[in-house]
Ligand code: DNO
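Before any questions on how it binds or moves, here is one chain, the form predicted on its own, in structure tokens.
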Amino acid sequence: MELSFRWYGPKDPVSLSDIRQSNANFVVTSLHEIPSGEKWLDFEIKKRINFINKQNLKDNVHLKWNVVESIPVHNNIKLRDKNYKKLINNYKDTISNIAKNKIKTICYNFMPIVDWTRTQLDYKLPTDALALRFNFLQIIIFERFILNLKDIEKRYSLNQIKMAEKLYKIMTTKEIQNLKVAIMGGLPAAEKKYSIGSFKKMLQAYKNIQDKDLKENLKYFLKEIIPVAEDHNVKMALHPDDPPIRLFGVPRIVSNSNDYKYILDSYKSPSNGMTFCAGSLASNKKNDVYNIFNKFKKKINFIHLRNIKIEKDQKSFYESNHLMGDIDFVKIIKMIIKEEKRRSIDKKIEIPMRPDHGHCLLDDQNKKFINPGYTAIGRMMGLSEIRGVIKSIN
């Protein structure tokens, strides 16, 4: 595997020097300063590459930008509404400009309104490490008591609503505020930070969108962008929904094996592939991550290795250490290495991989990090564990 580390650019508290010290060889990054929907110009991409190269001169370990994660897909594209055609053309031009700079893998997602969702950014574990957590009841609390939505009885059972009300009564003002921040823009690389009003406005925009509509809109998007990716030998890697369940009554269509089959069959091309995110897929108990890997292994263009622990309600989960969760990482890594060997007929081929997220550990707990889940020490620990498994297998 190409051992990579996500980096949020020159303003990231985790520096390129930090990443070199983790023993990663590649960086996964994006031009987060460019608003969603706008075209990435060639000189802006070159500027980021030059920054990385300049930092490389300080050390013998030269990091390389191997994956763009991500080019956000604007909500107007997902809705196929308003200026979506112009936005798609901007997306196609961005793919072309990225390819000109010899970056050949692009990770993206098609999650409506918000990207990956957590309800707590500092869940304290028995070890005193801080983890990201998704609490299903707090999603109901967010809908009922923060957004004041009137139709939640259509989505949740009476018992679930009563349990959420009970939890809400004992939550502190700080916990409620943290819940708002976590869902409406507290996570890194969010397409947008919402207010309560703007969030409800986006929910209204998706009010009449059904699963089949969103699938058709994704299919249309693929038919537009994949030929451009093909022309430039770029591999697109669609990330699964995180978590892979319906939220706020809005469809999610990249959540399971059947969804990926539909997507990959919609436009058959080497450029139309997936990001295999073990933790995202496994957070829904119905998903067999090993089966999904085997079924789509030829279409995996990028890998996130992150582990989770599903809680007693079977809907909530927290992010565990990489080797201590519900996923057997030794089994998964063996499968990845086997697939890489299958691909390496003429030359050695490694799939780009990054340790996804990590606990906030040790001295990092005393620092102010702007990207929850992306502190240095926790991810370095994850990468070290993964490297150890790879070494023992090989």
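Bear in mind that the values here come from a model prediction, so they are computed numbers and not experimental data. For every residue, the number given is its place in the sequence shown, counted from 1.
Although not depicted, the form predicted together with the named molecule is the subject of the following passage.
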- Query: Even though the named molecule is not shown here, does H304 get within 4.5 Å of it in the predicted bound form, heavy atoms only?
  - Reply: yes
- Query: How about M111: is it within 4.5 Å of the named molecule in the predicted bound form, going by heavy atoms?
  - Reply: yes
- Message: My question is simply whether E230 lines the interface with the named molecule in the predicted bound form - judged by any non-hydrogen atom within 4.5 Å.
- Response: no
- Task: Decide whether F221 counts as a contact residue for the named molecule in the predicted bound form under a heavy atom distance cut-off of 4.5 Å.
- Result: no
- Of the candidate stretches 283 to 291, 102 to 110, 209 to 217, 155 to 163, the one with residues having heavy atoms within 4.5 Å of the named molecule in the predicted bound form is 102 to 110
- Item | Answer option from K235, K78, R133, H239, heavy atom within 4.5 Å of the named molecule in the predicted bound form | H239
- Query: Ok, W116, F142, F317, F248: which has a heavy atom sitting within 4.5 Å of the named molecule in the predicted bound form?
  - Reply: W116
- Enumerate the residues of 346 to 384 that have a non-hydrogen atom within 4.5 Å of the named molecule in the predicted bound form, in sequence order, or give none. R354, D356, H357, Y374
